[in-house]
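To begin, one chain is listed below as structure tokens, in the form predicted alone.
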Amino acid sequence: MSPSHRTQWDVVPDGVVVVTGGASGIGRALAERFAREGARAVVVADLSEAAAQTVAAGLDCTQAMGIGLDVTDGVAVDSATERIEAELGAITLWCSNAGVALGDGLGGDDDWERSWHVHVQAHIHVARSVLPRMSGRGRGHLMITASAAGLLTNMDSAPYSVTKHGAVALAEWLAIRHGDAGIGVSCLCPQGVRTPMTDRPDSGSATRAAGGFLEPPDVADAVVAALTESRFLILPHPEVAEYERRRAVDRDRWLTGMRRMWAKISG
């Protein structure tokens, strides 16, 4: 089958899958699901090496590896790529999934810097490291986890919302530049998901008010379905597509509605 006719799902069965932010939440659910779906090797990468190794030890696949990785360190990302490919074989799917929730309102300079490095620069590091390798083989897939906030907004946090918009824009750019080279690119944009990040008391009034929280395995289901159907945009909450449509059709009306909602939940 030629690269242009492959589905994006073919990179998972008997492939090597890497999931960053893989020790908890969506990342852990993805690692567990890909292992069950027949990935030959699953690498759980997380800032906490101990937590990554604990999750990897419980995976049901031929080979599992847990590694400590700071996704904001480009040298470390490239070293991890080289190690994984040397020990396990060619990476077929990289889920660039690590995220942070920082900054109330406009936040501080540190909130902006950290959010930028995790939500945008980290994906750039991965793209620079893995896409040339995948392009040379004519096979591979990069999934970037953004957020519904990257399509709409997060009223609680400007640093989170703006950098998640950046993640979506980067994923689109990569899909345009690499989509005809046998490389799949997709962008995961969930709304509320029950993770350690959203379970915190300071997770934000807008996040809690949005409701409709999914469990991480529900998100993994949506990812599997999207990869099988070769869809770029992965929306575990299908209603987000309609919200984005309304935003695009009449942005002034959408902004008015969002101000009303903010006044209601913040008052």
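Numbers follow the displayed sequence, beginning with 1. Worth saying up front: this structure is predicted, and the values here are computed from it rather than measured.
Quick note: we don't show the form predicted together with a small molecule, though the next part is all about it.
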item: The small molecule: the contacting residue among 183, 118, 155, 127 in the model of the complex [heavy atom, 4.5 Å]; value: 118
item: Option touching the small molecule, based on a heavy atom within 4.5 Å in the model of the complex, out of 131, 76, 90, 100; value: 100
item: Heavy atom of residue 69 within 4.5 Å of the small molecule in the model of the complex; value: yes
item: In the model of the complex, residue 107 touching the small molecule (heavy atom, 4.5 Å); value: no
item: Proximity of residue 26 to the small molecule in the model of the complex, heavy atoms at 4.5 Å; value: yes
item: Close approach of residue 160 to the small molecule in the model of the complex, 4.5 Å, heavy atom; value: yes
item: Stretch in contact in the model of the complex with the small molecule, which is absent here, among 160-168, 79-87, 132-140, 175-183 (heavy atoms within 4.5 Å); value: 160-168
item: All of 32, 38 and 222 within 4.5 Å of the small molecule in the model of the complex, heavy atom check; value: no
